[in-house]
Structure formats: C-alpha cells, structure tokens
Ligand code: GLC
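In structure tokens, the next block holds one chain alone, the form predicted on its own.
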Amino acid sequence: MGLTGALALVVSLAIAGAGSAGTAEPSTPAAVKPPPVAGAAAIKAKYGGQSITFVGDGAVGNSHVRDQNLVAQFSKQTGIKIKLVPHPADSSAAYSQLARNFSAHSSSIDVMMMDVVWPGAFAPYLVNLKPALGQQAKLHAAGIVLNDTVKGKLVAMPWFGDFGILYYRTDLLKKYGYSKPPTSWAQLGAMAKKIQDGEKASNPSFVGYVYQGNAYEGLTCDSLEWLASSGGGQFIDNGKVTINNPKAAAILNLQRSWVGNIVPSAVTTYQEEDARNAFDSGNAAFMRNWPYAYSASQTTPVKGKFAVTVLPHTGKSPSVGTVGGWQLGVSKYSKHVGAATEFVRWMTSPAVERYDAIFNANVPTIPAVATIPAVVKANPYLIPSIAKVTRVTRPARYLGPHYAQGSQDIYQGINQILNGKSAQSVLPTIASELNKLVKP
C-alpha cells in the first residue's frame, strides 16, 4: 500500500473509532461525544500521573466547553492531569500572554493554542514536533503544515481552520422581498438599511449589520476582507506596502459612512461575541463572523432563521475570506514534553477534528474530515460554494517577528477611520509604519 493509501486508511480507522459501527453518525453538538484516545494504555504507562498546563480557547461560543470535554476525556483515559487555562478573548492579548511566558523561559505553560500567524514569531521557543508527529501532519492540509514549519522544523500542529463568512436572517430577507443575500457591499448597505428601517418601528435596538470593529486583531481580519474584495490589495503585496491606495480608501470610507447609520456606533468596540450577541438576540440583519458562530447560534432566538454565505465584494473583485485558525504547540521549556506531545497528537487527530467540527463548527484542517457527511450536515459553510471562496492571508510572511506590531498599526488606524477620520488622512500613516517593519 502506498503512502496515500496508508494515510487514507489511518483517517478512516481513526474516525470510525469515534462512533459505533452500524449506527447513524451524530450531526448535532448535543449528540457528539469526545472520541477515545488511541493508545491510551501505552500513554498511561509512560506518562500517567504527570501534570501539564494547556492554554486553550477563550469563552467564545462553545469553545471552552469543547476544551473542557476534550481535556476530561484525555485525562480520564491516560492519567495525565491537565490544567486548562482559557486564553484572553482578545487575540492580541493572547499573543502578549504567550510572549511574556516565552521571554521568561517559564515552564508554567506546556501546550498552547496559537493563531495561524504566530508560529514564525514563536518558533525559537517551541519543540520541533516533526520527529513525533510528522507522519500525522501529512493528513492535514499541506499549506497549513507549511505555515507551521519554520526553518525545517514543525513547530506547531494544525488544530482547526477559520475564514470569514456572512450570516444573514433568512426570514427578514423574505419579509422585505429579497430572494437571496447581497453579493456586493453596496447591496448589503441597501438591504441592511431597508430591513433596519422596517424593523426599528417594533424594535428600536435593531441594526442592519454588525462585525468586529474594535482595535484588535479581529479588525485586521475584517478590514483585510474589505480591501481584498474591493481591489484594495492585502496591506502588503509581494513585499511592498500597498495599503495606501484609492480603492482601499474608497471601501474604508464606505464602511465608515455606515457606522452610526446601518451599523451601531458601538461597533468600534465590538469583538466576535459582541457581534454574535447582537445577531443572536434578533437585533441585526447581517453579521460578519467566523464559522464557530454557526454552532453557537443554534440555541438562540435566531435558530432556524439564518443562513450563511460568502462575504460581499465590489465590482469584478472576488469575494474573499480571511484565513484564520489555530495551531497547537509545545513549549521547549515544558518539563513534560512527552506527555504534552501525546496530548497534541490526540487533539490534532482525525477523530478529534470530526468531534470539533460537529460540536463547535470548527473548520477541519484534515481534508478527509471536511467531507464526512455528518460534518457537512452540521456545517453548511463547508458546501463548495462557500468553502471554496478565495482565501486571503494576513501579511505575517512579510512582517515576520514584527507581525504583532504591524497588525497593531493596521487595526488602530482602521479603528480611527471607523470612528470618523477619513481614510485618506489615516492610510499614509499606516503605510509609513508598515514600511519600517517589512523584512527586506
């Protein structure tokens, strides 16, 4: 059997081990359970009784509950005690938390989740997982594995992916005579205004559109989608800072004009959960968010009243979605590298990715998992018309260890625009600051 066939067999066996033969696969969060730990007895014999600390997801949707369920399962079967610590909801603060720990050469964190743009900056502090997990890494999307490989070392394992999508109220579109969601930013603006004007009579809190507008990493992601879908580039293109251009200014000024009109003024303080809370309470017609919100919204007043699609675009530019997602790494300062590595092995396995996708609407990084019928049923964003949207990446490859500073320059500047400044007055400053950071 060739390598491809062997890997396919590994995937099928691992996923099969998560459920019962002859029964329908559960496709709802309530029905799916964490899978058993492969090789638990051997792991327990070698590492049972050891204790590790895992910095997992924040209290976003069902993410922390997912982490609690997985940690409990792994600890029960292997005897490895795991202290679960949620990271800050603000991804910029989460980055700083790890940076401080690594700088102190502290052993207080053994395993940590990392944004897709962090491996390059944290590589010197992470264990090379290639000897232990290199074979399993071949199951994951090659591009993400390449992202997690720095100077030939696999410093992190893909855990789950992400990309921006548009949520919309199907019942309200029908009520106001729309047969389909908007495809352009101009259409979104017009539809949001019509729906908002109609709904405000009975609900003064109703708004047309919500997203992540706070001065933090989430705004870098949102604004990248605005620019890239409107011909405004991706902040830095082919190593050259391009953010200060007329098309970028035009879409940013359009977004600015919506604040206080079809977008709440408070959007400049919104992060993911702020936007989701507004949408889930029935107070917004449209929302930009990550796929996790699909699962999290199934127990709210809008259940059965919303759907998802790709984000809008301008003119002939394509719709896009910012690449997000999280990786798992092991600190080289950990006193229990072996136990930590086994935890990462299980957490990034096909069976756990299947569980994550159904329980928490996490985008699988293993292509074979993304095609499982139960996974697709639970996650409509995996249908080809949405899942194949053009993906755009934040400029980590050009900023390297200076990415955090560069992103801060971007999101602070964009936040100023949303708060009332013209794009033409802010973009030159952002461009100037980025030019100081771009690697030759």
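Numbering starts at 1 and follows the sequence shown. Please read these numbers as outputs of a predicted model, since none were measured by experiment.
The same protein has a further form, the form predicted together with alpha-D-glucopyranose (GLC), not shown here; the description that follows concerns it.
Comparing 78-86, 137-145, 177-185, 317-325 against alpha-D-glucopyranose (GLC) in the model of the complex, the single stretch with non-hydrogen atoms within 4.5 angstroms of it is 317-325.
Against alpha-D-glucopyranose (GLC) in the model of the complex, the set 167, 226 and 387 makes no contact: no member has a heavy atom within 4.5 Å. Among heavy atoms of residue 272, some come within 4.5 Å of alpha-D-glucopyranose (GLC) in the model of the complex. In the model of the complex, at least one heavy atom of residue 218 sits within 4.5 Å of a heavy atom of alpha-D-glucopyranose (GLC). Contact annotation: residue 66 falls outside 4.5 Å of alpha-D-glucopyranose (GLC) in the model of the complex, judged by heavy atom distances.
Although the partner is absent here, residue 116 lies within 4.5 Å of alpha-D-glucopyranose (GLC) in the model of the complex, judged by heavy atoms. For the options 355, 209, 290, 343, the residue carrying a heavy atom within 4.5 angstroms of alpha-D-glucopyranose (GLC) in the model of the complex is 290. Residue-level contacts in the model of the complex: of 91, 295, 348, 331, one residue has a heavy atom within 4.5 Å of alpha-D-glucopyranose (GLC), and it is 91. The single residue of 393-421 lying near alpha-D-glucopyranose (GLC) in the model of the complex is 394, the criterion being any heavy atom within 4.5 Å.
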